[in-house]
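This document contains two forms of one protein chain, each encoded as structure tokens and listed individually as structure 1 and structure 2.
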Structure 1
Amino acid sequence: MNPQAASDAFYAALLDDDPEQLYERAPCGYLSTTPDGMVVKTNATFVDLTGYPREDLVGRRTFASLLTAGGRIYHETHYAPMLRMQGTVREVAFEIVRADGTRLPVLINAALEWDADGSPRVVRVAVFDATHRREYERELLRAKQRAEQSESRAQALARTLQSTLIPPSPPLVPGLDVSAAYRPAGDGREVGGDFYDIFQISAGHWVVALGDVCGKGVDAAVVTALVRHTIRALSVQQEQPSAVLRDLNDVLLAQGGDRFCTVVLVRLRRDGDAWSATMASGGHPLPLHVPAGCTVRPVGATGTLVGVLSQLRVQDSVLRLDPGDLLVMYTDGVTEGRRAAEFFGEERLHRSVVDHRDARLPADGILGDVLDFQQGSARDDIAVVAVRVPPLPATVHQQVREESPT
């Protein structure tokens, strides 16, 4: 037979295919039922799939009675109402209980046909074997549940980790008002790189450290923890902030990896009613000094990033903080806070610092301004620490004046 003749014969055979065989041997099970579900007709495929002899089904069983108990409830509460209301039901998942008691996962499409007078006449149901699909779907469902659990564990871990990098609340320092504010980027699901620390060396002798480790997540958190604890350990041995930062630079380089950071370190010593501040910055924005009644000015000298080059260029600056003076340290999440293409910037920050200089918690006020500017959502971590020497009470001034003539 030549190819043309073979092709013709094939199509001729298709056209001759017996409609009865098309129904009986279709690659899916067919059921026809009365509107209340009684089986009136079925095909050989359905009989093969389920193992019920035809005579046990027709006129004897309803479609719902072939389902599991859970499936029967779903049938009554969802499938039947949908079929009645919209005339068709697509891709409903059931399990049919076979004649031998085993279960056959199926997908059902069904259509309801109405009489000319609009009353339901017959339901036609197509039944597809979905054994393998259902197994796969169950795996998907389990994977989804596992993913959700793992996500919530990861979030809990991030929160716990973050809480170890930031003091729960600033310590009470005699003779100094300390306020600190921190806000992680976005929804706080990821551990940020900003950190700060405030700790005591001895009576009237404190250290404030504030910095930003590049990157986010667990890798950054490991470096942040290292930086924070190294600063604590070194500050006990080293007097000069610049010396502490140099040693920190060596530690980071020795540790390997490509994480670097910026840090500003301020050593505070009490001197009567005033404080002396010695500070060094390793590539970090300079602290802002607001002397009582004066404007804001950055103090100190910006050095180089910590953990990049073997020679760190940093220098110490000394500043006297008189009663009423405010010193603010912040990370770049403040000045780089954005609204559309606009940055919060230094000018807004200086204004915000002046606005909150006499507030009870200046750091919280400044953070609030940055968040308001960004309409509540932080694109980057924000950390602010503010230390203020309490102004002398007016009565003390008077006493001094009254006493001076004598």
Structure 2
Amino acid sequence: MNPQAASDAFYAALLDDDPEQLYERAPCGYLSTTPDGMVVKTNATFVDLTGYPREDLVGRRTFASLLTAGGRIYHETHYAPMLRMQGTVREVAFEIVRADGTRLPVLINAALEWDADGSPRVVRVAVFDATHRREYERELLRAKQRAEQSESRAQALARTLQSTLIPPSPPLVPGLDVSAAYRPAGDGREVGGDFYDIFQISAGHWVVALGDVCGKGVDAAVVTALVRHTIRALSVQQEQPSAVLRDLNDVLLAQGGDRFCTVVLVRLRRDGDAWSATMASGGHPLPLHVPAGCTVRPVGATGTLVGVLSQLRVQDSVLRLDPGDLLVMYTDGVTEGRRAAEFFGEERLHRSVVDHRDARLPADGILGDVLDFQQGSARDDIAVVAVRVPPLPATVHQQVREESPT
């Protein structure tokens, strides 16, 4: 009898108020066993589920003998001890081997009854066909595996994209010491939107871009690639950083969606032993200037976010970098690095910049301070770029002093 026929018979017996039929044609299998597991009674539904004649079950087989090899081990090590200790078990999954050798997934509820003197007397077992539930669980598992595989492929794609966005090492710029450091948030598996780029326009003419695209994952990586390559193309056509950012703003708005970014753009031109820096910021933290022997100060003017408003408000600022001067650009993952409720903040950043201004790689030193503050784990993506005009050799300083008018 199939499960639907058994259910129909059960409800028919319920209407007729026939106790025997309520037992025999219940929607689940019923059996009673001795405390050691020998089957002493079973209903017709259990007979139909297993395919064994009743006479081959009652008094001839134990409940455990109907289980698979793995099920018999679990029966002895978990099911039976739990039943003896607690008196009941609920929703234990087994597979029953039918008379034809096929396997039937089932869920078992069982209760142990005791005699008046406290001796175990009989075990009542309800057996529920779990075929459809097991298939549903398998489909859920397959769906989970497909989702994990899809996520893994998406993460691999995003990491590949981001590997093209962060230069493997800063380029060698004649007349400048350049260092850059990048650290993704957490364990690095989720791709962030921080990026930097350093590229040459002509001899003695370089551009530094550093920014932060809103969001994470593949979408952010795609937008980051668009921003980086757009800046490169526009920087060849536009002389002023502010004009580059305005055109970039138009490109992002034309793409649609809700992606935006912050960008600081610095155009560097060599002027003898010094450099001229023209910069513009679209909603990004301002660069930090450290003149030789002086304190840290932000330079430039913060404009509006790029990719939000139709009219971008940015302006250019010009700064002279003399020998020994340092210029540091960073993303907000530096100042917003957290330890409990405390931020790394601008004051710590300024101290870190001063501490590492004469180091061979100032950007690495600053990144190290931020990570130490967060016990080695970045809460957000971090990018730092530092450019320093090498100090003049001592002989040059001496010559300058000798040629200076008294």
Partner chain sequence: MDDILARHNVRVTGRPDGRPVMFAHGFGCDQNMWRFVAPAFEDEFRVVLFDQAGAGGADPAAYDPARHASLHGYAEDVVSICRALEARDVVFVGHSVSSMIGALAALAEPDRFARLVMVSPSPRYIDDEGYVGGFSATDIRELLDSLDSNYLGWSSAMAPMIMGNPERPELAGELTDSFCRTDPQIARRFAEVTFTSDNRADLPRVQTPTLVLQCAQDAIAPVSVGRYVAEAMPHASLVLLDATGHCPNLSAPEETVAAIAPFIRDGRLVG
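Sequence positions of structure 1, starting at 1, serve as the residue numbers. Just so we're on the same page, rigid core means the largest C-alpha set that superposes within 1.5 Å between forms. Source: prediction; values computed, not measured.
Between the two renderings of this chain, the form predicted together with its partner chain is found in structure 1; structure 2 comes from elsewhere. Relative to the superposed rigid core, A99 undergoes a CA displacement of at least 2 Å between the two structures. Once both forms are overlaid on the rigid core, the distance between the two CA positions of T302 between the two structures is under 2 angstroms. Positional change of S377 between the two structures stays under 2 Å at the C-alpha, relative to the superposed core.
Its Cα shifted by 21.0 Å between the two structures, E113 is reported here after superposition on the rigid core.
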